[in-house]
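We begin with a single chain expressed as structure tokens, specifically the form predicted alone.
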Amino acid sequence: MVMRLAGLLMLALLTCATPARADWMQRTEAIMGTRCYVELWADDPERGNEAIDAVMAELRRIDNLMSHYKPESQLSQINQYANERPVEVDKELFDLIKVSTHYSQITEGAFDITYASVGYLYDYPNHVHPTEAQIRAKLPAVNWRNMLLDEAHHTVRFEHPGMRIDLGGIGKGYAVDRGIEILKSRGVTRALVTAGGDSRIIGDRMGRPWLVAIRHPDNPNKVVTRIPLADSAVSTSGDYERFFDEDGVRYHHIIDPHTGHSASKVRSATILAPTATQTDGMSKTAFVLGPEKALEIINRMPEYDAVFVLPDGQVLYSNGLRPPAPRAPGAPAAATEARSARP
């Protein structure tokens, strides 16, 4: 009996001493009104779960700070009071609003967080859109230059009556970047963080790249192309995300700040860059600028790449993603062919 108990005790000790197996871990939660997903390689499952907990907590914190749906958020306080007086906010929120104005500058206003001055009139779940008269009345408030940003006091003031802002075009990307920074600080070297259409990757999948699929705008089960990535961010915006159709017109959430209407020059836009804040901000821009103008901007910035699906189904790639052009037998390789396509 004593020997049997001793044997059971030894078995229990050996079981406890067995190290936890390293493996991929993942979790999905609904935060910021969208699907948030974290996948990482963890040498220790307990530490892996703690890391995922920390990322999800950070996403919820940012949502509480920047959501225009939550009346108590600092962004909602801006929308409520900035027409009357300067509103002081945390440096973090102030800095992101300031970053948004950078994208407004380089896109000539195609990206503009003050689009919400008209955008709030749309209610996609209930199939509600503003009338032309309502758009004309609210459109003068859409102008990022009418935001007064006081760097010294971190205050925001609106110079035009009826102005509103919405960080939906850049906030999720920023939240993804914050999640990645948290993982890096905990020693995670291979991971994916996703919030809606915005993702960022660190490392690879054990010697292989992560494969990012771009879905067909009309068929969620069909893929337009797949892009292998490592240590990169990617955002896809499509007219199929939040929308409704009425009398042959698609009303979706990407609003042209110049017109107050849903932009329609592309069906989907995928942007690649080092950070998700960059890709999130630029993925909305192509809908407003159109593919040619958007590619002109993207191709001037070597850290960016893009894939656009046009209304006629054509797929356009930026220079860094184009396959090398065929050449005649015996002809020397052109300079552009030396830069092989990323895929």
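All residue numbers are counted from 1 along the displayed sequence. Given the structure is predicted, the values throughout are model-derived calculations rather than measurements.
Form predicted in complex with a small molecule: not shown, discussed below.
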Exercise for review: Select, from the options 181 to 189, 79 to 87, 105 to 113, 153 to 161, the stretch whose residues sit within 4.5 angstroms of the small molecule in the predicted complex by heavy atom distance.
Suggested key: 105 to 113
Check your understanding: Of Ile254, Met147, Leu272, Leu93, which one comes within 4.5 Å of the small molecule in the predicted complex, counting heavy atoms only?
Key -> Ile254
Check your understanding: Is Gly260 one of the residues lying within 4.5 Å of the small molecule in the predicted complex, judged by heavy atom distances?
Key -> no
Practice item. Evaluate Ser117 for contact with the small molecule in the predicted complex, applying a 4.5 angstroms cut-off between non-hydrogen atoms, and reply yes or no. Key: no
Practice item. May I ask you to check whether Arg215 falls inside a 4.5 Å heavy atom distance of the small molecule in the predicted complex? Key: no
Review point. Are any of the heavy atoms in His129 no more than 4.5 Å from a heavy atom of the small molecule in the predicted complex?
Key: no
